[in-house]
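One chain is shown next in structure tokens, namely the form predicted on its own.
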Amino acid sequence: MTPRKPKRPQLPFSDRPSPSSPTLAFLTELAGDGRALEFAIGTGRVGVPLRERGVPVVGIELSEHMAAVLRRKIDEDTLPVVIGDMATTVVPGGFTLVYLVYNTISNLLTQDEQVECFRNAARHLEPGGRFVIELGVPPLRLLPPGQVAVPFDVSERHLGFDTFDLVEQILVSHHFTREGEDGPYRRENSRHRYAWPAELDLMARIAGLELERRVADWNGSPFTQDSTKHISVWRKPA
């Protein structure tokens, strides 16, 4: 498997969850008295405040640049980070929680790679431990007949839309961002593999994990056919 450099959006540190955020409360409850492992920890948007809540956190991150940004916020002894990809990299010890947020599993562009990510989570989990993923639901119902693009942001400074390859399950996210008031537009795009919740459940079964619950957000709202994303929790049998 060839690791790919992440292309997910880089959020400013001010956008990290607040100490009382539902994201941190959700993850803290699942971690219990054990350790948490964050796949693709990035710059520590979630991992750093989770550690500040008292949960021992270890991270795996492919990008050395992102890991360096995290390291300016917290030292290695307090929050260790291993450089590597989330599908194959192994860190020592067992964990009660492995989590992967902000659509990041979609950075793995094949089904085989995504299955290996589930297997990697399972090998790190202690019996009874949980694997948590935050992922958007593919908005294919919004596609007009004969078209392959869906806008997700149309504003004065930014135009964003997704295009879909329905055969390969590849989503390309396109961003046109204006630089300054009257400046030119900067164009960026990133490729992702989308997956339905049912497909993820099958990946979990292959890895020996069982679906425990699925909700629409970190507050625990019910997941319905109209939900735009889901938080899914799979458990390693005791």
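Please read these numbers as outputs of a predicted model, since none were measured by experiment. All residue numbers refer to positions in the sequence shown, first residue = 1.
The protein also exists as the form predicted in complex with a small molecule; that form is not presented, and the subsequent description refers to it.
Site annotation in the model of the complex: the residue of T104, Q114, T96, N120 reaching within 4.5 Å of the small molecule with a heavy atom is T104. Residues with any non-hydrogen atom within 4.5 angstroms of the small molecule in the model of the complex fall in just one of 63-71, 183-191, 197-205, 48-56: 63-71.
Residue contact with the small molecule in the model of the complex: P80 places no heavy atom within 4.5 Å of it. In the model of the complex, D85 approaches the small molecule with a heavy atom inside 4.5 Å. Residue contact check for V132: none of its heavy atoms lie within 4.5 Å of the small molecule in the model of the complex.
Taking the partner from the other structure, the small molecule in the model of the complex has a heavy atom within 4.5 Å of a heavy atom of I41.
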